[in-house]
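There is one chain below, alone, in structure tokens, taken in the form predicted on its own.
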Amino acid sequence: MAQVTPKSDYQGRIHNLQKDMIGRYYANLTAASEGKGKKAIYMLISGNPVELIEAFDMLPVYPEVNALQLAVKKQSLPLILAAEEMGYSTDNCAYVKADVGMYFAGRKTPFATIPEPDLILCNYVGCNVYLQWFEHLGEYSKAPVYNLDVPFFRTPGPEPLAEDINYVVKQLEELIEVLERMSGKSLDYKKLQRIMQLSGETGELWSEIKKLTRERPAPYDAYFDSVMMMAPLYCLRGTEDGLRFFQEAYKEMKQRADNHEGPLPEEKFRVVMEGPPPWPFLRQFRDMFSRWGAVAIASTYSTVGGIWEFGFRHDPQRPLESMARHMLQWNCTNRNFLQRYKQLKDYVDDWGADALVIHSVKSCRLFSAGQGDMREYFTKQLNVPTLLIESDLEDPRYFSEAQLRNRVDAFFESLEHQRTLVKK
């Protein structure tokens, strides 16, 4: 096997910029926990109306991101076990259990002290676990809960139903009234429009960055490196800081693409990745692919908070309708399987992929349900080489490095052999 050694200093400048920005975000969380900062609004990543929260000068807090960071720091298992001792099932979402365990451990983490919520805003998009998760947080914290009910994107055409858009807009109008009562001030519509403009420009840059991986070699890995850009996109969207980050990120990525620089010394295989990564073992998981010269050129995980590369932009002239479209239509978690198939097929075709890799997450039913059928569809109907592997995004008990490595090695050995036969 021809192994490839990853570059060790890849993207150091953007990584440091992101680290500084997210460090300030977490400092704001700690300040809020001490009663010195803004009101804390708990939300979920997928298709959220963070622009409204920014317009009222409140602080978005993401339990998913907190759980993710705990997993990266390898501190999630004791919290998961604590939640299971409370009665949470082993089959429950590991994000939920890590977050609940963290809440009852005093909300102190290596990266911040998480503030108590002033409002729990459940933007229900795609996963019914969100509802129970945030209802439980509301019960534990005694904070008010507001549920945004977002229907699935259920039309065969490119546009959601007009009545669905209106249904979500009416709820956003109700949410504005809630935020006005909390803040004691009326919505500044011009400020909201400016925030929407910042989100629109940020989304445009993110879209252009993602399209750069159509180049050969791809200037970055659209699965493992995208996570570095997803944090500013979700935590700081609608801010001047967030826009500046993406301006700098685009400049660097474009320069790398123009110079034909990739994340590996040699790009041998171009893959599309489906599903979230195993956060406690991210480096080991990446090495399984890097050693084969495999680079992800697109991923569904990088679209859990929004799909910009197919044309969506926040519109400052229609802010509420724009937010509703984002929640309904333009994030992968609110799409049915046929729409997810099309998204993956577009990546394979338009980005020029050699294979599809599906990482099935044991405790995440939203992403894992139906992935066996997905593998069959891409393998047998589209003739796309497809690898299906399983672990978990948070719970380290479900990660078997040797087993996963054997599966990955066998898959790329097969691809390499097929190439040899074609050359002959």
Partner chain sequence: MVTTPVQETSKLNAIFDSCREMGQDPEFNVAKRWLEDHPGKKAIGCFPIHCPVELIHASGMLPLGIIGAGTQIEVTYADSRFQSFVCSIVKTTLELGLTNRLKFLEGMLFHSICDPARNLSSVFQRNFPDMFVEYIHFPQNFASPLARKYLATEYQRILDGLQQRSGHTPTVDDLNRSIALYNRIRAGLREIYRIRTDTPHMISAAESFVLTRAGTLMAPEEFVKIVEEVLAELPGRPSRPKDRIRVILEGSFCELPPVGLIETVEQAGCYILDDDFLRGWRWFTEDVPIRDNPLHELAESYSERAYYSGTKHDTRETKAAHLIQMVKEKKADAVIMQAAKFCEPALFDYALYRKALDEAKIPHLLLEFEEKTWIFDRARSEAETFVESLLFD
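No experiment lies behind these values; they were computed from the predicted model shown. Residue numbers count along the first chain shown, from 1.
Just so it is clear, the following notes concern the form predicted in complex with its partner chain, a form of the same protein that is not shown.
Chemist: Would E174 sit within 4.5 Å of its partner chain in the predicted complex, counting heavy atoms only?
Modeler: Looking in the predicted complex, residue contacts with its partner chain include E174, since a heavy atom lies within 4.5 Å.
Chemist: Residue-level question: is L366 within 4.5 Å of its partner chain in the predicted complex, judged on heavy atoms?
Modeler: Close contact exists here: in the predicted complex, L366 approaches its partner chain to within 4.5 Å, heavy atoms only.
Chemist: Residue-level contact is defined here as any heavy atom of the residue lying within 4.5 Å of its partner chain in the predicted complex; does Y377 satisfy this criterion?
Modeler: The answer is yes: Y377 has a heavy atom within 4.5 Å of its partner chain.
Chemist: Report whether the minimum heavy atom distance between D57 and its partner chain in the predicted complex is within 4.5 Å.
Modeler: D57: no contact with its partner chain in the predicted complex.
Chemist: If we take heavy atoms and a 4.5 Å cut-off, which stretch out of 313-321, 226-234, 259-267, 137-145 is in contact with its partner chain in the predicted complex?
Modeler: This holds for exactly one stretch, 137-145.
Chemist: Though its partner chain is not shown, can you say which of S183, T113, N336, Q284 has a heavy atom within 4.5 Å of it in the predicted complex?
Modeler: Only one option qualifies, and that one is N336.
Chemist: Go through L29, L356, V361, I53 and name the one with a heavy atom inside 4.5 Å of its partner chain in the predicted complex.
Modeler: After the contact test, the surviving option is V361.
Chemist: Let me know which residues along 377-396 have a heavy atom within 4.5 Å of its partner chain in the predicted complex, or say none if there are none.
Modeler: In sequence order, Y377, Q381, E390 come within 4.5 Å of the partner.
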